[in-house]
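Quick heads-up: the structure tokens below are two forms of one chain, split into structure 1 and structure 2.
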Structure 1
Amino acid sequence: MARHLITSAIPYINGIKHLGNLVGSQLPADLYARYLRARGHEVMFICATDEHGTPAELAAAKAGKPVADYCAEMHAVQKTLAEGFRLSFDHFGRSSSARNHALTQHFARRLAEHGLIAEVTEQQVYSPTDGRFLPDRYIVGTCPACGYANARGDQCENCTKQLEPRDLINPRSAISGATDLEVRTTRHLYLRQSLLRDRLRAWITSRTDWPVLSTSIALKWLDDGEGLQDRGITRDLTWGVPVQFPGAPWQGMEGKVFYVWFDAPIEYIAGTAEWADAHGLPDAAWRRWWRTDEGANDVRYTQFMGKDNVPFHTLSFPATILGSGEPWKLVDYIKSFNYLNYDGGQFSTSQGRGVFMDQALALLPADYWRWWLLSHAPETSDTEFTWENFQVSVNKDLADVLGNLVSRVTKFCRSKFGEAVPAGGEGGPREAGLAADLAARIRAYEGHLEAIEVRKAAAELRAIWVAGNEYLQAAAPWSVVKTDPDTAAAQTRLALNLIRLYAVLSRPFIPDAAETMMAALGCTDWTWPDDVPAALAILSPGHAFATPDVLFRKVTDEERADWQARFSGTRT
């Protein structure tokens, strides 16, 4: 048994997330966590809501609520939706927690002690109309690199280029829209991450198994232009982790908070501490996952994120960890994803474009979405969600292949042998051939999941389902039963065991359907099929089962047309 720490990029608190957010981090992370648990490994799967910074303040102001109240409400909403999609977090925390405040301030103090924090007097944008300094995300304008008209002052979400507010063309306040912006003097803290450039480069280049997408983005940020730059880690905001705290090695920073991208990744650690607190466990319980001097040396740490988050996870957060001088666990593998686009355009939280998690669950159960999203995960390039493709995938893969097998087998057995696994007969060459084929495919499936090759794993799982259907078509027990009921009984017994096997293998992708299949079979044995012939004999003669309702229903042409029209505009 191995120990696996898994974190998903934590979603911003500013509203319900869309399907592109879901498939870019949380959902594939859940797939991996579920698979590892199924193989008997010890897993700690952590996520949280990212509650600080400009997005939270702007969203709260738009909702007409105090930011703390807004964040508490939206955390509950996002937690409920995560449960709706069956995301199996060990803990879903909050970056506004006391644990994260304390840890963020701890890291800042340690960085300062190592000479990695600089106090910088700088010119910052001030809005007379709003009566305040405007942090970078409070300023929007045209990106100088790609021409995107709504780029933020810290990063363009269209081309991912890191920006400063003064880089924007035609900048304006994101609060009021005012363009009468001024530049005034203020003082902030900077993380001197440029001093860690060589250590970061050595660490990144040593990760030879990372996806090309992760490594190329990290090295691009190290090498482009003047290379890795020092980064401001404080902002003039009221909501966040206070910069001035007891024991802080600086003065005069009242009214400032740490930049959201400084404290957010620290929530991975803090969230694990929150997990321990929630279970009444001592600090040693979470530190064994994060401190290499307290047991984390044997932990494999995997992060999941969209490509826009890669720079912060490969440079800024590791700089914080390394710069602290303390034995914290660094990530071993970063699984990054490209973008999932929506029906000819882009998903966008800020613009309300696309299908959002609550809307999706109102249309169909989670497994329908989980299967399509994972089987079309944007791993090697951007991919696109279309309603036509969604309909075809659901109807063919889930309804025609898996659902049809479950229905045919259970209904046939009930009609010819009753609702119990039939006795009699023995398998022959065809059954041995199926077992051998499945064994090879299952080993390939395991390999793809262990390598976190999501689309390849989905394709192999579908091929495993298809193998069962092809066996049934060739064996034709509904015909054989007329002349050789014992042989038909053996074929049916094998097919019922196939359903159990498929439930176990499919659970990481479609957990609800897997539970339904096992419940119908009256089985609680989720043993992974290391020995396929043995797995195909777990349900013995006489074992009672029930015929389940339709496992997956088909999406009709009328529904597809309705949904396509309904979600063609923007969410209000």
Structure 2
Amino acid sequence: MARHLITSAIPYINGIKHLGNLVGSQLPADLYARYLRARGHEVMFICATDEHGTPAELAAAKAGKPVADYCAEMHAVQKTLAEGFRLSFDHFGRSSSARNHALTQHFARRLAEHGLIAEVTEQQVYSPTDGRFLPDRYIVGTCPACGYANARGDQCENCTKQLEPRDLINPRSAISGATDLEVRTTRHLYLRQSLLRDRLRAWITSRTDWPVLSTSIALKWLDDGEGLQDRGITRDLTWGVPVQFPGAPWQGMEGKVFYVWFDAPIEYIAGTAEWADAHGLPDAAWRRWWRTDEGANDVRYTQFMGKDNVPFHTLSFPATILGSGEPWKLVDYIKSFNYLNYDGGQFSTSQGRGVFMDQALALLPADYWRWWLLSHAPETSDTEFTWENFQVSVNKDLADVLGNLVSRVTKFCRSKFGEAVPAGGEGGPREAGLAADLAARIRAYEGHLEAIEVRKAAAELRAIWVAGNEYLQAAAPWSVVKTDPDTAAAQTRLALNLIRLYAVLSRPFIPDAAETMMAALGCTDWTWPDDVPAALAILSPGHAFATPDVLFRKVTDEERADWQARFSGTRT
């Protein structure tokens, strides 16, 4: 038994996430966590909401609510949706928690003590009308290169030219439209991560087993141009972790908070502390996951994230950890994902394009989405969601291959032997062959899950389901029963045990259906099939079962067309 710490990139607070967000971190992290638990490992799976930053403040203002209230409400919404998708977090925390405030301030102080914090005075655009400093992209104006009227201060979306806010003609606030912008002097803390460049490079180049997506992005940031740049870690905002606090090694930082990307990854640690608090456990309970001097030496830490998050997890956060000089656990493996596109374009939270988590659950149960998303996870390149593909995949894999298998076996048994595992007969070469075939496939399935090869694992699981149908077709108990009832009974007994085996194996992907299968069999034995022949004999003669309802229904052409039309525009 090993100990696994798993974190998913924490979803931003300003709204409900779409399926692309889900498949890019939380869902594959859940698959991995569920698999490792099934194998008997000790798992700590942490996620949270990322609640700070300008967009949260603006979203709250738009909703007409205090930002703290808005975040609390949206956290509750996201927590409910996570539960709806059966994301098995040990704790779903909040980056605004007291724990994260304390830890973020702790790390900042430690970094300062090691000479890794610089105070920098700089000029930034301020909008008196909005009462806030404006990030570059919140300043819009006419592009000096192409004349596009709504170019952003960081880049013109029309001609893709990189811009500075001062380049814009007739600049105005993207929030209020105000034009009375002024440049003000402000002072900020910078993380001197350039000083850690060599240590970071040594660490990253030693991670030879990471996906190329993870390492190539990190190396580019380390070596591009003048190399890794120092990074501002504070902002002039009100909602966040205060920079000025008792014991802070700097002065005059009132009214400033830490940058969201500084405090967000620290929430992985703080979220584990929140977990301990929620269970009334002492600090040692969470520190044994994070402090290598307090028991975390044998922990394997895996992070899941979309490719846009990679720089922060390979550079900024490790710089924080390394720079602290304290024995905090560094990540062992970073699994990063490309993007899921929607019907020829991108999913977009800001534009309301695509299918969002709440909408998806209103259409179909979580397992349908989990299966499609995981079996099509964008591991090597961006992947496209289309309704046709979704319909075909769900109907064929879930309804026909797995669901119908459960149905044909239980109904056949009910009609010929009654609703109990039949006695009599014994297996022969065909049954031994099936067990051997399944054993080989299960070992391959385990290998793919341990390597977090999500699509390959899904394909192998499907092949395992298919093997059941192949066996039934070859054994043909519906024919055998006419002349040799004992042999048919043995075949049926094996087939019923196959359902139990499939419930165990499928649970990481489709937890609800797995529970339904197991419940129908009146069984609670979720033991992982290390010994396949033994696993195929757990349900013994006389064990009663119930013929379940349709496990997965099919998506009709009418529904597909309806959904396609309904989700073709933007969310209102």
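Just so we're on the same page, residue numbers count up from 1 along structure 1's sequence. For the two forms, the rigid core is made up of the largest set of C-alpha atoms that agree within 1.5 Å on superposition. All values derive from a computational prediction rather than experimental measurement.
Trainee: The form predicted in complex with the RNA: is that structure 1, or is it structure 2?
Mentor: Only structure 2 matches the form predicted in complex with the RNA.
Trainee: Would you mind checking which of Gln124, Trp203, Leu501, Trp250 is at the hinge, with one rigid block turning on the other between structure 1 and structure 2?
Mentor: That would be Gln124, the one at the hinge.
Trainee: For this two-part rigid motion, what is the smaller part's turn angle between structure 1 and structure 2, in degrees?
Mentor: 32 degrees is the angle the smaller part turns through.
Trainee: With the two forms matched on the core, what distance in Å separates the two CA positions of Gly177 between structure 1 and structure 2?
Mentor: Its alpha carbon moves by 3.5 Å.
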